[in-house]
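Just one chain follows, in the form predicted alone, and it is written as structure tokens.
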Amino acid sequence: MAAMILFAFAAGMLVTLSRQINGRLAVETSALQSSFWNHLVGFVALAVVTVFAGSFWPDGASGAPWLAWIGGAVGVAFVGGGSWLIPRLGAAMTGGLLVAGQMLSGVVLDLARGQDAIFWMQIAGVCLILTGVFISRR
């Protein structure tokens, strides 16, 4: 469990770093162009990794529901939105609000799936994140 927590923490740090880098590119270009290059470079990197992994089309992919295929489009909205927000709100506030949004949507999805969770503690976590964003604002 500790390894998974550390992995999630590191992934969260990479999301913030990625948003900062793309926000910088968006300042020089636009949020849309920055998002395009982010995904193009990511596609090339993923293609190289996939070549070494050995398969572009995993078993079971053809049977996945249509909803499973729109994650990339949602990712485009996330990256483009983050690239637009970072120069305007700053990295800390944007990151805090993104984490709060992720936490809140995670609570809602856990509720919808009937996951065993302590609802009030999860909502308290979202409130603490929002409080941190409020305190750290300029």
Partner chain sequence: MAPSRLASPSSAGAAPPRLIEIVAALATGSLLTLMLLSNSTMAAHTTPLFSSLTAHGVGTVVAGIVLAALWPMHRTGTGRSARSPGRAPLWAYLGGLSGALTVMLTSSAANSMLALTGTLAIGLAGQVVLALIFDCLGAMGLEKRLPRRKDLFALAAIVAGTILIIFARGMG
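Residue numbers count along the first chain shown, from 1. For clarity, every value in this text was computed on a predicted model and none was experimentally measured.
What comes next is about the form predicted in complex with its partner chain, which is not displayed.
Taking the partner from the other structure, its partner chain in the predicted complex has a heavy atom within 4.5 Å of a heavy atom of residue 47. Contact check for residue 40: a non-hydrogen atom falls within 4.5 Å of its partner chain in the predicted complex.
Residue 67 belongs to the set of residues with a heavy atom inside 4.5 Å of its partner chain in the predicted complex. Under a 4.5 angstroms non-hydrogen atom cutoff, its partner chain in the predicted complex lacks residue 112 among its neighbouring residues. In the predicted complex, the residues of 6 to 30 lying within 4.5 Å of its partner chain by at least one heavy atom are, in order, 7, 8, 9, 10, 11, 12, 13, 14, 15, 16, 17, 18, 19, 20, 21, 22, 23, 24, 25, 27, 28, 29.
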